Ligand code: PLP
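Given as structure tokens, the chain that follows is alone and in the form predicted on its own.
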């Protein structure tokens, strides 16, 4: 099946007389009457569940569905996207080592590196991923590469094919945060990545009503990630997993509409008052257009960013004048929202570090929803004063 069809059916094996919609299995523990049977399930020799911190029908369904969409052997679902990144890193790099990461890494991942991994002995090699020779040099002696398909918030696209090729030459595994692209637009494992992770809170869930993460990849690596998830207690509840699977069924429709809306809005904002820059990967004439169209032939996703002249006062004026669009720290729901990275996702970085990433007081991240493009554009233009 094509990805659009696979998303509707992935993870749910329907049989005669079974419910068409998967039930919610709201339990913490499972009953056994045979010690040998329990032991076989606990060892992993027989399929089944015995304790929901380890596994559950709904949680397993979400992991299986995303793995199927990504073309992976297996997956593990976690309590958040950050938990998915953490268990993925710990599976590929269980002992302290140098981690190669791009300059414009997501703020939450930066904080994970600085406040958790570096105190534990890991080091971080920050590199401009558009400079492949710099990436090649940083890989010497490294233990892991962590990057994003599309970066947050300035939606830059990494040349994953080239990065994964260089990493393979050095024997270094690659973990890719594929949240912004989703498995519908990009499948990093097909490009050479070792693990692909998602904040399922975003596009996979799609309705701003759950928090979850998923890590997918080779069976052995996922087994290690799942063991760490169990020990760390990054357990996803069955109801959240059920919601995420339900959201996944409409992901192809939503991401196609959001991609089209984001591009239309990016084009409309180029000449808008106070807008000094628009960031969208496939914006005609942009520096990344050719690379983005090669890696993301079916669309570049629903995220974009703009730079507004006048800094915080201009941003606040924009928020005050919106009629339909809302301010929210997260993204990828069905409604169009905006966020301000300086006070949300990248608040833990210094002003100098944010400036080095291209994040300024006037930077606004936009998550295009599924409304009519004309209504989204009209709300932005009137709020900007046209």
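Residue numbers count along the first chain shown, from 1. Remember, it's a predicted structure, so these values are computed and weren't measured experimentally.
The following text describes the form predicted together with pyridoxal-5'-phosphate (PLP), which does not appear among the structures shown.
- When contacts are defined as a non-hydrogen atom within 4.5 Å, none of 60, 215 and 248 contacts pyridoxal-5'-phosphate (PLP) in the model of the complex.
- Among residues of the shown chain, residue 65 is not one whose heavy atoms approach pyridoxal-5'-phosphate (PLP) to within 4.5 Å in the model of the complex.
- Put simply, residue 331 is close to pyridoxal-5'-phosphate (PLP) in the model of the complex: some heavy atom of it is within 4.5 Å.
- The shortest heavy atom separation between residue 156 and pyridoxal-5'-phosphate (PLP) in the model of the complex exceeds 4.5 Å.
- Using a 4.5 Å cutoff between non-hydrogen atoms, residue 142 does not count as a contact of pyridoxal-5'-phosphate (PLP) in the model of the complex.
- Of the candidate stretches 175-183, 234-242, 116-124, 284-292, only 175-183 has residues whose heavy atoms lie within 4.5 Å of pyridoxal-5'-phosphate (PLP) in the model of the complex.
- This chain lacks the partner; the member of 193, 266, 225, 85 within 4.5 angstroms of pyridoxal-5'-phosphate (PLP) in the model of the complex by a non-hydrogen atom is 85.
- Only one of the listed residues (307, 314, 211, 130) places a non-hydrogen atom within 4.5 angstroms of pyridoxal-5'-phosphate (PLP) in the model of the complex, and that residue is 211.
- Taking pyridoxal-5'-phosphate (PLP) as positioned in the model of the complex, the residues of 75-107 that bring a heavy atom within 4.5 Å of it are, in sequence order, 80, 81, 82, 85, 106.
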